[in-house]
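Just the one chain here, laid out as C-alpha coordinates, in the form predicted on its own.
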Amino acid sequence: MAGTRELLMDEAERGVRSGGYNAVSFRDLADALGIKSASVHYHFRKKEDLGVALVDRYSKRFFEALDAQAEIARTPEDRIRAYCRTYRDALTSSDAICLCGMLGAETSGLPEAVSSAVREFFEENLAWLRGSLSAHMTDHDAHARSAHILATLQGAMMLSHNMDDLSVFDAAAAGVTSGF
(Lines give C-alpha, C1' and ligand atoms only; values in the text may rest on other atoms or scores of the structure.)
Protein backbone atom coordinates (compact mmCIF):
# COMPACT_ATOMS: atom_id res chain seq x y z
CA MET A 1 0.00 0.00 0.00
CA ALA A 2 1.29 3.45 -0.92
CA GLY A 3 2.32 5.76 1.87
CA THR A 4 1.12 9.31 2.32
CA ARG A 5 4.05 10.79 0.38
CA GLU A 6 3.29 8.63 -2.69
CA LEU A 7 -0.43 9.34 -2.46
CA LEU A 8 0.30 13.08 -2.29
CA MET A 9 2.55 12.81 -5.32
CA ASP A 10 -0.06 10.78 -7.23
CA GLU A 11 -2.72 13.38 -6.53
CA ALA A 12 -0.39 16.28 -7.33
CA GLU A 13 0.73 14.67 -10.60
CA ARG A 14 -2.87 14.24 -11.73
CA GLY A 15 -3.55 17.87 -10.89
CA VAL A 16 -0.46 19.23 -12.62
CA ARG A 17 -0.93 17.08 -15.72
CA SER A 18 -4.51 18.28 -16.11
CA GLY A 19 -4.30 21.89 -14.92
CA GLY A 20 -0.70 22.96 -14.52
CA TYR A 21 1.57 23.74 -11.59
CA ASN A 22 -0.57 26.54 -10.19
CA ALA A 23 -3.71 24.40 -10.26
CA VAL A 24 -2.33 22.35 -7.36
CA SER A 25 -2.26 23.63 -3.80
CA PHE A 26 -1.22 21.98 -0.56
CA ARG A 27 -4.71 22.65 0.81
CA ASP A 28 -6.33 20.85 -2.14
CA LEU A 29 -3.95 17.92 -1.74
CA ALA A 30 -4.72 17.70 1.98
CA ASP A 31 -8.46 17.82 1.31
CA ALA A 32 -8.22 15.14 -1.39
CA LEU A 33 -6.41 12.78 0.99
CA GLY A 34 -8.42 13.74 4.08
CA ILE A 35 -5.36 14.97 5.98
CA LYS A 36 -4.25 18.29 7.41
CA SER A 37 -2.18 20.77 5.41
CA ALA A 38 0.56 20.40 7.99
CA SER A 39 0.87 16.77 6.94
CA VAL A 40 1.58 17.85 3.36
CA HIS A 41 4.27 20.22 4.65
CA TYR A 42 5.78 17.34 6.60
CA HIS A 43 6.51 15.55 3.33
CA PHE A 44 7.25 18.63 1.18
CA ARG A 45 8.47 21.74 2.93
CA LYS A 46 7.60 23.94 -0.06
CA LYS A 47 5.58 23.46 -3.21
CA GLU A 48 8.84 23.76 -5.12
CA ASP A 49 10.09 20.63 -3.32
CA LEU A 50 6.95 18.79 -4.41
CA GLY A 51 7.42 19.98 -8.00
CA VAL A 52 11.00 18.74 -8.16
CA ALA A 53 10.01 15.41 -6.59
CA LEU A 54 7.23 15.00 -9.15
CA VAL A 55 9.57 15.63 -12.09
CA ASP A 56 12.23 13.33 -10.66
CA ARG A 57 9.75 10.50 -10.14
CA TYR A 58 8.14 11.02 -13.54
CA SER A 59 11.53 11.07 -15.27
CA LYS A 60 12.65 7.91 -13.51
CA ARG A 61 9.46 6.08 -14.44
CA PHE A 62 9.59 7.33 -18.03
CA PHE A 63 13.15 6.17 -18.61
CA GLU A 64 12.53 2.82 -16.92
CA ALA A 65 9.58 2.28 -19.27
CA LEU A 66 11.67 3.44 -22.22
CA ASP A 67 14.49 1.05 -21.33
CA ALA A 68 11.99 -1.80 -21.14
CA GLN A 69 10.51 -0.86 -24.53
CA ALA A 70 13.93 -0.45 -26.17
CA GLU A 71 15.53 -3.55 -24.64
CA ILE A 72 15.15 -5.66 -27.78
CA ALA A 73 15.51 -2.82 -30.32
CA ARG A 74 18.34 -3.55 -32.73
CA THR A 75 18.16 -0.70 -35.21
CA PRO A 76 17.76 3.08 -34.89
CA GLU A 77 14.25 2.72 -36.31
CA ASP A 78 13.38 0.10 -33.67
CA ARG A 79 14.67 2.40 -30.92
CA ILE A 80 12.66 5.37 -32.20
CA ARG A 81 9.56 3.19 -32.45
CA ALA A 82 10.14 2.14 -28.83
CA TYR A 83 10.45 5.81 -27.89
CA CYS A 84 7.15 6.58 -29.63
CA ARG A 85 5.46 3.64 -27.85
CA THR A 86 6.68 4.92 -24.50
CA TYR A 87 5.14 8.32 -25.18
CA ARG A 88 1.93 6.70 -26.38
CA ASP A 89 1.75 4.53 -23.27
CA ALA A 90 2.25 7.60 -21.07
CA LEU A 91 -0.66 9.28 -22.83
CA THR A 92 -3.05 6.32 -22.79
CA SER A 93 -2.30 5.11 -19.27
CA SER A 94 -3.13 8.44 -17.69
CA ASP A 95 -5.36 10.15 -20.26
CA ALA A 96 -3.18 13.22 -19.74
CA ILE A 97 -0.26 14.90 -21.41
CA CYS A 98 3.32 14.51 -20.26
CA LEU A 99 3.97 16.04 -16.84
CA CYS A 100 7.11 17.72 -18.14
CA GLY A 101 5.31 18.88 -21.27
CA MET A 102 2.74 20.65 -19.11
CA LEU A 103 5.41 22.12 -16.84
CA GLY A 104 7.60 23.04 -19.80
CA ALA A 105 4.78 25.12 -21.26
CA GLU A 106 4.67 27.20 -18.08
CA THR A 107 8.40 27.27 -17.32
CA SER A 108 8.63 31.05 -17.06
CA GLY A 109 6.23 30.93 -14.10
CA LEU A 110 7.89 28.02 -12.29
CA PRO A 111 10.40 28.12 -9.46
CA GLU A 112 13.92 27.75 -10.89
CA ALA A 113 14.47 24.33 -9.30
CA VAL A 114 11.33 22.92 -10.95
CA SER A 115 12.15 24.53 -14.30
CA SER A 116 15.67 23.11 -14.09
CA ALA A 117 14.36 19.59 -13.36
CA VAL A 118 12.04 19.82 -16.39
CA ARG A 119 14.94 21.01 -18.57
CA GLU A 120 16.98 18.00 -17.40
CA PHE A 121 14.14 15.67 -18.41
CA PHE A 122 14.11 17.12 -21.92
CA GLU A 123 17.91 17.11 -22.15
CA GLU A 124 17.93 13.44 -21.18
CA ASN A 125 15.29 12.73 -23.84
CA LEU A 126 17.40 14.50 -26.47
CA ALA A 127 20.54 12.65 -25.40
CA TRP A 128 18.73 9.29 -25.57
CA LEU A 129 17.41 10.10 -29.03
CA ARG A 130 20.80 11.29 -30.32
CA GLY A 131 22.37 8.09 -29.03
CA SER A 132 19.71 6.05 -30.80
CA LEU A 133 20.02 7.61 -34.22
CA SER A 134 22.27 6.23 -36.88
CA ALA A 135 26.00 6.66 -36.46
CA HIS A 136 25.96 7.81 -40.08
CA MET A 137 24.32 11.11 -39.10
CA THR A 138 26.39 14.15 -38.35
CA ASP A 139 26.13 15.48 -34.81
CA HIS A 140 24.20 18.46 -36.14
CA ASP A 141 21.72 16.26 -38.02
CA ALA A 142 21.27 13.92 -35.05
CA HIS A 143 20.62 16.89 -32.76
CA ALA A 144 18.11 18.41 -35.20
CA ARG A 145 16.32 15.08 -35.74
CA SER A 146 16.19 14.45 -31.98
CA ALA A 147 14.66 17.87 -31.32
CA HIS A 148 12.15 17.28 -34.11
CA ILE A 149 11.09 13.91 -32.69
CA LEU A 150 10.73 15.20 -29.15
CA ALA A 151 8.83 18.32 -30.18
CA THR A 152 6.55 16.33 -32.48
CA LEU A 153 5.62 13.79 -29.82
CA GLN A 154 5.10 16.41 -27.11
CA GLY A 155 2.82 18.39 -29.44
CA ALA A 156 1.05 15.24 -30.58
CA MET A 157 0.29 14.32 -26.97
CA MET A 158 -1.22 17.72 -26.30
CA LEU A 159 -3.27 17.78 -29.50
CA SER A 160 -4.42 14.17 -29.18
CA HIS A 161 -5.48 14.72 -25.57
CA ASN A 162 -7.24 17.99 -26.38
CA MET A 163 -9.11 16.51 -29.35
CA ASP A 164 -9.74 13.22 -27.52
CA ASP A 165 -8.41 11.44 -30.60
CA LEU A 166 -5.54 8.99 -30.24
CA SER A 167 -5.23 8.75 -34.02
CA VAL A 168 -3.70 12.24 -33.99
CA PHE A 169 -0.83 10.96 -31.86
CA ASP A 170 -0.50 7.79 -33.92
CA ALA A 171 -0.25 9.77 -37.17
CA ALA A 172 2.46 12.02 -35.74
CA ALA A 173 4.39 9.02 -34.41
CA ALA A 174 4.15 7.33 -37.80
CA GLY A 175 5.58 10.46 -39.39
CA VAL A 176 8.47 10.44 -36.93
CA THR A 177 9.47 6.89 -37.84
CA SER A 178 9.10 7.28 -41.59
CA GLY A 179 12.18 7.90 -43.64
CA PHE A 180 14.60 5.58 -41.85
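All residue numbers refer to positions in the sequence shown, first residue = 1. A quick note: this is a predicted structure, and the numbers were derived from the prediction, not measured.
This protein has a second form, the form predicted together with the DNA, left out of what is shown; the following refers to that one.
For the marked spot (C84, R88 and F122), a heavy atom within 4.5 Å of the DNA in the predicted complex is absent from each of the three residues. Only one of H136, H148, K60, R27 comes within 4.5 Å of the DNA in the predicted complex through a heavy atom, and that residue is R27. Under a 4.5 angstroms non-hydrogen atom cutoff, the DNA in the predicted complex lacks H140 among its neighbouring residues.
Proximity of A127 to the DNA in the predicted complex: non-hydrogen atoms within 4.5 Å are absent; the residue sits far from the partner. Using a 4.5 Å cutoff between non-hydrogen atoms, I35 counts as a contact of the DNA in the predicted complex. The shortest heavy atom separation between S39 and the DNA in the predicted complex is within 4.5 Å. Heavy atoms within 4.5 Å of the DNA in the predicted complex map, among the stretches 128-136, 46-54, 60-68, 149-157, onto 46-54 alone.
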